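The form predicted alone is given below as one chain in structure tokens.
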Amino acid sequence: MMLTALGLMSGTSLDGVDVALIETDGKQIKAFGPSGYRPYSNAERSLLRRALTEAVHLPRRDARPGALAEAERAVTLAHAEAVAAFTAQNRMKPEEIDIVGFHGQTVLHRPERRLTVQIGDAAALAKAIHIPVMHDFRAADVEAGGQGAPFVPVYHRALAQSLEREGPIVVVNIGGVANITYIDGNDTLIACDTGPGNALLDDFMYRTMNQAFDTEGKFAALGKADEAWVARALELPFFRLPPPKSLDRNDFAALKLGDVQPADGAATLTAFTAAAIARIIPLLPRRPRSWIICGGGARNLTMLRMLREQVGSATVQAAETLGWASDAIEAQAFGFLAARALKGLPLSYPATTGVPMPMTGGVIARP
């Protein structure tokens, strides 16, 4: 049975709430619906940055000390506003939507401690929007010993099935953290985080230029990357680990550039993201023939150029060129995952998160 699912995603880049409608049975995609976006205000983003700092010392996943309680309220309200604006704009009634997939805002991801924390009150959201809400997608995976991330590979596979091209295909999502899905036919699905996505670069732009991000990579294009710095950063043990593996947004925050010109710093951090993505190639079963880039990094032309230089003869293209809605893919994915969770289908697999067996997940909150 096909379901009308609305996916909501607020990523580690802290830019805002993506909304996307999808018609699916949790296995195939029948149709894509409209998408929307509700940006976080500067005040909301500052609050979330405080929450990220305070979350480092969280003892358990339900604790909300300090700024975290306030941040959870803000995240819930922002998502409720995003849904209200979306349904009004598209003249939809709540009863036309079967399920909402609510990821929440990740503030801490420490699978080695069997701890992953996404803030957002699903019960309050369900009451506000009058639609059942599927949430808490990652917890079961982490409790079973999995990495709890990345969680979008099953959706990437569904998208890739519509492409008539020879594999292996790699779908790269460049959000705050970058992750890949390696697809080779219907049987081979491998996934992992590869390293920093936009987080280091965004934080650097915020500190040095008071800008949220480097628009289209124009600033990095003016600078010169410090290749020696990138090479040293790539010596960190994480880059030698085989998939599956995952990261917290701030796992590389301790890396310091030193005294550099802002454009050179932006170029160096952009080069680091591209090189870290390419570093996964020797750890995959076969060298990928094509790379499809989605997420915010797909709009960074300097990052795409640097990635092309790293992967040799393989094609590198932004997801938009295939007709995929790059900005909406993760929101679509959580609509898709909500439908899968409703039907008890697996959300994660041993080769995507390291979980012992294919795992379903998610908890439903009803209005």
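All residue numbers refer to positions in the sequence shown, first residue = 1. The structure presented is a predicted model; accordingly, all values stated were derived computationally and were not measured.
There is another form of this protein, the form predicted together with a small molecule, and it is not shown here; the text below is about that form.
Note that among 258 to 266, 284 to 292, 169 to 177, 223 to 231, the stretch whose heavy atoms approach the small molecule to within 4.5 Å in the predicted complex is 169 to 177.
Contact with the small molecule in the predicted complex, defined as a heavy atom within 4.5 Å, holds for exactly one of 190, 149, 131, 160, namely 149. In the predicted complex, at least one heavy atom of residue 9 sits within 4.5 Å of the small molecule. For the chain shown alone, residue 334 is a contact residue for the small molecule in the predicted complex, at least one non-hydrogen atom being within 4.5 angstroms. With a 4.5 Å cutoff on heavy atoms, residue 103 counts as touching the small molecule in the predicted complex. Contact between residue 76 and the small molecule in the predicted complex is not found at the 4.5 Å heavy atom cutoff.
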